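First, one chain by itself in structure tokens, the form predicted alone.
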């Protein structure tokens, strides 16, 4: 048994109980029954967390499934991360796919791949290249930059997994200070400086300082509002 505040290490196929650890390293196929709190958490392979997970530094390569909520300082993910609750933390660098059943609250979200937030995506800065679908019910940010890249390895992989899903962002309402979008569908966008790029379809845009609309974009209503 690993004592509290010690380390938890699994190599191969194995399981463990939840608890508080200094470092957790799971390599292979690992299941943890219960919530975990750790300073450093590294998962490689297939990791199943059957509770909440809280870590100052989290790195995962492969497939991670967190049944509860995830709270992190920093997250670096390569592969697929599924979260049954909310995601909260400082920064997330993603090369892959991430999904949350509830809200996502981060200071920074950067990377490429695809994401689904079944709630509010709240962030300081988001800079993301979509190789697959992006989705959030609502987005509230300081700055948001969305680009599309439908070439390369991720597109081939996601195209095989989700053949009918395009690399585009879908959201109800987007609010922020600086918003620069490509291939985005939204009901309402509100911001200070707003750039509506190629492939966008927007019901209404409300801006304070500046609005730029690509000739190939479609905007139903444009309105300059007071500072």
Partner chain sequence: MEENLISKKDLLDLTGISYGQLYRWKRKQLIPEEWFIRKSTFTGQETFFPRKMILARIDNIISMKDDLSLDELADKLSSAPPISKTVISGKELLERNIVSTLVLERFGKPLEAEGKYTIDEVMYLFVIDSLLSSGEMNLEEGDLLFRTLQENSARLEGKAWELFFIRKMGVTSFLIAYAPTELIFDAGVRLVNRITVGSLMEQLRGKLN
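These numbers were taken from a predicted model, which means no experiment stands behind them. Numbering follows the first chain given and starts at 1.
Just so you know, the form predicted in complex with its partner chain exists too; it's not on screen, but the next bit is about it.
- Within 4.5 Å of some heavy atom of its partner chain in the predicted complex lies at least one heavy atom of residue 140.
- Shown alone here, residue 218 lies farther than 4.5 Å from its partner chain in the predicted complex, counting heavy atoms only.
- By the criterion of a heavy atom within 4.5 Å, residue 45 is excluded from the residues contacting its partner chain in the predicted complex.
- Its partner chain is not drawn, but in the predicted complex it has a heavy atom within 4.5 Å of residue 191.
- In the predicted complex, every residue of the candidate spot (107, 124 and 206) has a heavy atom lying within 4.5 Å of its partner chain.
- The candidate stretches are 72 to 80, 128 to 136, 115 to 123, 93 to 101, and the one lying within 4.5 Å of its partner chain in the predicted complex by heavy atoms is 115 to 123.
- Of the residues 199, 51, 176, 62, just one reaches its partner chain in the predicted complex with a heavy atom at 4.5 Å or closer; this is 176.
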